[in-house]
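Shown here is one chain on its own, the form predicted alone, set out as structure tokens.
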């Protein structure tokens, strides 16, 4: 199948599929005309990668997970370790976002929002030391 069909079946944009090919996640067959010819297995791998990325796994984690998925002798402990690391990274991002939200909510509460030029939000944004 061509890249358009692979994109439709995998749910990924063609640009992402080309990138995954470039970094070695998939290696579709090339026809005599030079066009990519994706197999059902390629589409399966693309779906796997799409789902992994939707759960926040990094490209490096996806590479590890894909290798583990393809290794029938894998230990589930290795897969769990990668997933736990990803969960910790997600928790760290959530904590960072919560801190940003708290700071911004505080600044909004402090701003009078009236006709005066004094604005704690701009003052804080202009404070380059902190």
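None of these values were measured; they are calculated from a predicted model. Between two forms, the rigid core is the largest collection of C-alphas that superpose within 1.5 Å. Positions refer to the first chain, counted from 1.
Only in words, not in the display: the form predicted together with a further copy of the same chain, which the text now covers.
Undergrad: Test of understanding: in the predicted complex, would residue 114 fall inside 4.5 Å of a further copy of the same chain by heavy atoms?
TA: Output for residue 114 is yes: heavy atoms within 4.5 Å of a further copy of the same chain.
Undergrad: Test of understanding: in the predicted complex, would residue 32 fall inside 4.5 Å of a further copy of the same chain by heavy atoms?
TA: No, residue 32 sits far enough from a further copy of the same chain in the predicted complex that none of its heavy atoms falls within 4.5 Å.
Undergrad: Quick check on residue 65: any heavy atom within 4.5 Å of a further copy of the same chain in the predicted complex?
TA: Output for residue 65 is yes: heavy atoms within 4.5 Å of a further copy of the same chain.
Undergrad: Taking any heavy atom pair closer than or equal to 4.5 Å as contact, tell me whether residue 22 reaches a further copy of the same chain in the predicted complex.
TA: Answer no; every heavy atom of residue 22 is more than 4.5 Å from a further copy of the same chain in the predicted complex.
Undergrad: Is any part of 74 to 104 within 4.5 angstroms of a further copy of the same chain in the predicted complex by a non-hydrogen atom, and which residues would that be?
TA: The stretch touches the partner through 74, 75, 76, 77, 79, 80, 83, 84, 86, 87, 90, 91, 93, 94, 97, 98, 100, 101, 103, 104.
Undergrad: Using the core for the fit, does the CA position of residue 122 change by 2 Å or more between this form and the one not shown?
TA: The answer is yes, as the C-alpha of residue 122 shifts between this form and the one not shown by 2 Å or more after core alignment.
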